[in-house]
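Just one chain follows, in the form predicted alone, and it is written as structure tokens.
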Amino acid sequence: MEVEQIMSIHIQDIEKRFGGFIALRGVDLEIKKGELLALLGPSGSGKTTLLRIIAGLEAPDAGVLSLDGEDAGVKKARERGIGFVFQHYALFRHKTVLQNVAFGLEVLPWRRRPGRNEIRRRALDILKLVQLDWTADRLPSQLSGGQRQRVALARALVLEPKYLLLDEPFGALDAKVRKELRRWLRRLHEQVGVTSIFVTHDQEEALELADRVVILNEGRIEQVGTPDEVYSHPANPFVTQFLGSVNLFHGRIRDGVAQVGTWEVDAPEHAGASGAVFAFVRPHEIELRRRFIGKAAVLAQVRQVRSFGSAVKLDLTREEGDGWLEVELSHEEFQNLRPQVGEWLLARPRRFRIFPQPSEAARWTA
């Protein structure tokens, strides 16, 4: 017998306006107990507004928010059992690290407030959990940015929240520290197991850290899924283009077959039986050769070659004159081919992601 997954947070038809601006448009979402969920999208997509509504810092104009089966609309922010971590730490500069972490316990109503010794013990315990107990007597100014962010997280966790909300938690940090903190936060989440939601506009961060990713655009949810699902099986052109670089080809479907340039591929059901389509190919899904035997390919000229970490990126122009082609090769592939700037090569996509063009379908939904 299958056990039903307990939903920690249930969001139903949430809408929010700020004057004439619509921040959220009928958002529906279920968040599982104990999962780490990413809200991902461009600026203005509604992700922070949704986070603040869950926290009780904003009230929705319509819709229902339930926390563990109870209507959150009748609860004030401090009654929701939420820990909130802001992007810019918001630590008290004149208080030590230990005092910052203990502050939330010290201001609890007296009926719920632990004794002084218990407050100190819990604050030290949580600092040990985030591996910063050795900073207890230091001021925030004596810590690095990454350490200050961990103190802010400890301050939220010391209250033993049911839900942990993080608003662009690594946005103010440099790339190396962000990457280290992502791995650290994933391990911490597995230890603590609290239902956690974080907002980010960094695709790599969301795909590396989250159990599931919610992609928002213009106040709507475009797709919800595991990192692999949203990246490998995007629901629509927006998700495809938002999650990394893509090359765009134009094509047309006839009798269930998509004709894209010189290629013919089976059209997916969502593309319809006929009509104009977009065909997307990621840079690492394109083969470059000097010749293909019995396989259709397009002729393209190498314009630029640049090494980029673990890969080599090439910019090419297509012979047909219909735009650029971006290709990504491993260093091994690059050394085997050794393409030169100005050289003409044959390019062949390994895979297309095909969607109807807007004139054929006004909107794609997940």
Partner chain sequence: MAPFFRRRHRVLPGFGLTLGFTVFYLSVIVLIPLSTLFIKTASLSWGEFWNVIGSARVLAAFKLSFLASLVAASINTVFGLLVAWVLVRYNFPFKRIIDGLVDLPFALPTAVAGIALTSLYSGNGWLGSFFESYGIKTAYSPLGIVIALTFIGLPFVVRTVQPILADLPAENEEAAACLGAGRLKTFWKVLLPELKPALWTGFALAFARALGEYGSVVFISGNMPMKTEITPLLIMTKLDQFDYAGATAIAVLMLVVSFLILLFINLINWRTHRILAPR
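We call the rigid core whatever largest set of C-alpha positions still superposes within 1.5 Å between the two forms. Model, not experiment: these values are computed from the prediction. Numbering follows the first chain given and starts at 1.
Heads up, the form predicted in complex with its partner chain isn't pictured, but that's what we're talking about next.
Would you mind picking the one in A175, A276, A296, A90 that has a heavy atom within 4.5 Å of its partner chain in the model of the complex? Checking each option against its partner chain in the model of the complex, the one that comes within 4.5 Å is A90.
Looking at Y231, F280, W263, F103 here, can you tell me which has any non-hydrogen atom within 4.5 angstroms of its partner chain in the model of the complex? Partner contact (heavy atom, 4.5 Å) among the options: F103.
Check for me whether its partner chain, as it appears in the model of the complex, comes within 4.5 angstroms of all of R52, R78 and L159 - heavy atoms only. Contact check passed for all of R52, R78 and L159.
Heavy atoms within 4.5 Å of its partner chain in the model of the complex: which stretch among 215-223, 138-146, 191-199, 242-250? Going by heavy atoms within 4.5 Å, the stretch is 138-146.
Classify H94 as contacting or not contacting its partner chain in the model of the complex by the rule of any non-hydrogen atom within 4.5 angstroms, answering yes or no. H94: contacts its partner chain in the model of the complex.
Flag F238 as yes or no: does it have a non-hydrogen atom within 4.5 angstroms of any non-hydrogen atom of its partner chain in the model of the complex? No.
Classify L57 as contacting or not contacting its partner chain in the model of the complex by the rule of any non-hydrogen atom within 4.5 angstroms, answering yes or no. Heavy-atom contact with its partner chain at 4.5 Å: present for L57.
How about R150 - does it come within 4.5 Å of its partner chain in the model of the complex, if we only consider non-hydrogen atoms? Answer no; every heavy atom of R150 is more than 4.5 Å from its partner chain in the model of the complex.
If we check its partner chain in the model of the complex, which of the residues in 107-139 reach within 4.5 angstroms of it by a non-hydrogen atom? Contacts from 107-139: V107, L108, P109, R113, L139.
Per-residue C-alpha change between the shown form and the other one, N217, threshold 2 Å, rigid core fit: No; N217 is a residue whose C-alpha shifts by less than 2 Å between the shown form and the other one when the cores are overlaid.
Using the core for the fit, does the CA position of T96 change by 2 Å or more between the shown form and the other one? Yes; that C-alpha moves by at least 2 Å between the shown form and the other one.
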